[in-house]
Structures are given as structure tokens and as C-alpha cells.
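What follows is a single chain, given as C-alpha cells, in the form predicted alone.
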Amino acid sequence: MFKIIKYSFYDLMRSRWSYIYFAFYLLLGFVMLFLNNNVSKAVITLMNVIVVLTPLIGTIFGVMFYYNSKEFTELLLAQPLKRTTIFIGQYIGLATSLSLSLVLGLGIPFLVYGVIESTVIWNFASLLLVGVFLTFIFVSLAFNIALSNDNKIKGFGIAILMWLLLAVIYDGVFLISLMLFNDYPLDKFSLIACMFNPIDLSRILILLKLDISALLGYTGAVFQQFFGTSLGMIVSFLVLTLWIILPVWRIASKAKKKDF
């Protein structure tokens, strides 16, 4: 599997899109730190970009990588290699390369500005960790969609719809539900609903880490009561980990049964 991971990693590292992705975050990091005297405000702005853009990039790259390397994958399938080794190796290599572009792209500006020596290092580390989680989650979801659809156009369409559902539509439905049923106790409902959307869960974790949960109003107090505790943070990261494990398990299961 290590050779598959290595090939997938270096294959994407040679792609100009990886350098564009890296350069975008590099420029964004320098601009945010240059325009904001308060580093915490820069982290908040970066959070709003990362929780939306990182899932989109992971989704597009995941689907695109699968379809573009389909012929090479079929060649590997003719070799004495396990199917799970091929697909899981490709997934890990792709997600790792995208995560590295994100971490280096944002890490270099923060190193140059000396943020690593300040007290906001943990907020910045949380931001990067959430970005890595979202990358691995949405690349795995994209691989699942591509594996389930041989038609490239259909696969891309479903992948973009999935991202749109989790990034935009889900929040709208969630807010409408809170407004319609505001006469009922919605504490548990709010917590559980956030668990079913990794983007919302990631956003809440960063906001609580920055200690600005008051911006979330009533729900902010509920989230602070649960997610603000050590148990809440552990459960949240376990849920994000589960968002990675379950799709990866389905990739392995689907690859074994799929007729190529």
C-alpha cells in the first residue's frame, strides 16, 4: 500500500493544481495577517474560508483524481494486488497531498509573522487540524460517489450536490427547523443535528476555541455547555474521525464488489 500512497502523492504533487491550491492559501494567509492587527480576527476569517472551500476542493479533487486515473487503476487491478490496497492507497495519497498544501500554505505566513510564538498558536493549530479533517472526510465521500457512478458527468454532479447540501442547504433547513419548533426544547436536537454535518461541527469547534460562542446566541450557550468541556471536545473529534472511517470502510467494501 505504501507504494500506491507514494505514487498518488507524488502524482498530485506534480500537478499544477496542487501548486495553485498551495499558492492560494499562501497568499490568503499573508493577506489576512497583513490586513488584521488582531491574529484572532485573521483566524476567524480563515475559518470562514476553510470550512467552505476545503470541502469543495477535496470533493472536486477526489472525483477528478478517480476518473482521470481510472485506466491506470484498471492496470493495477490486473496485477496481484488487493483492491483495498489500491483504492485506500490512492485515497490516502490524495488526501495527504491536499492536507500538506493546506498546512504549508497557511503555516508559512504564520511562521513569517511570528504567530507561532504568540498565545494564539493553539487556535491556529485547531484551524489547521479541522482543515485536515475536512480534507480527509470530503475526499473519502468523493471517492465513494465516483466508485458508485461510472458516468463522469453524473459523478461530478452528485459530488457538487453533496457539497452544496452540507455547506449551504443543511444550514438553511436546520435554522428553519429551529424557528418552527422554538417552543420545544431543542438542546439535544441541535447537538445531534450538528453531528450529522462535519462542516457545522468543525465551525462550532473553532468558534468555541476562539471563545466567541456568544455569536451563536442561544444555541451558542448549549454548544458551550457541551463542546466547551473536555468530554465534548473528545466526542466531537471522535465524530469527525467516524466521518472518515465510515466512508473509507465503504470504499473498501465497494471496491471488493465492483465489476471493473
Partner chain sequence: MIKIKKLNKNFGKVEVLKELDLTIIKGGIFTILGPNGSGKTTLIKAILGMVIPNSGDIEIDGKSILKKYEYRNGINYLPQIANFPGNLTVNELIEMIKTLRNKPTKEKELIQLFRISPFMDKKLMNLSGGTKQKVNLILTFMFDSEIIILDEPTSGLDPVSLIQLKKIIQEEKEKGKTILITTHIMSFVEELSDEIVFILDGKIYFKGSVQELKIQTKENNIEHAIAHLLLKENV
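Residue numbers count along the first chain shown, from 1. Quantities reported herein were computed from a predicted structural model and do not represent experimental measurements.
Although it is not shown, the form predicted in complex with the partner chain is what the next lines describe.
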4.5 Å heavy atom contact, residue 79 to the partner chain in the model of the complex: yes
Any non-hydrogen atom of residue 15 within 4.5 angstroms of the partner chain in the model of the complex: yes
Proximity of residue 75 to the partner chain in the model of the complex, heavy atoms at 4.5 Å: yes
Residue 249 within 4.5 Å of the partner chain in the model of the complex, heavy atoms: no
Proximity to the partner chain in the model of the complex (heavy atom, within 4.5 Å), stretch among 82-90, 154-162, 100-108, 129-137: 82-90
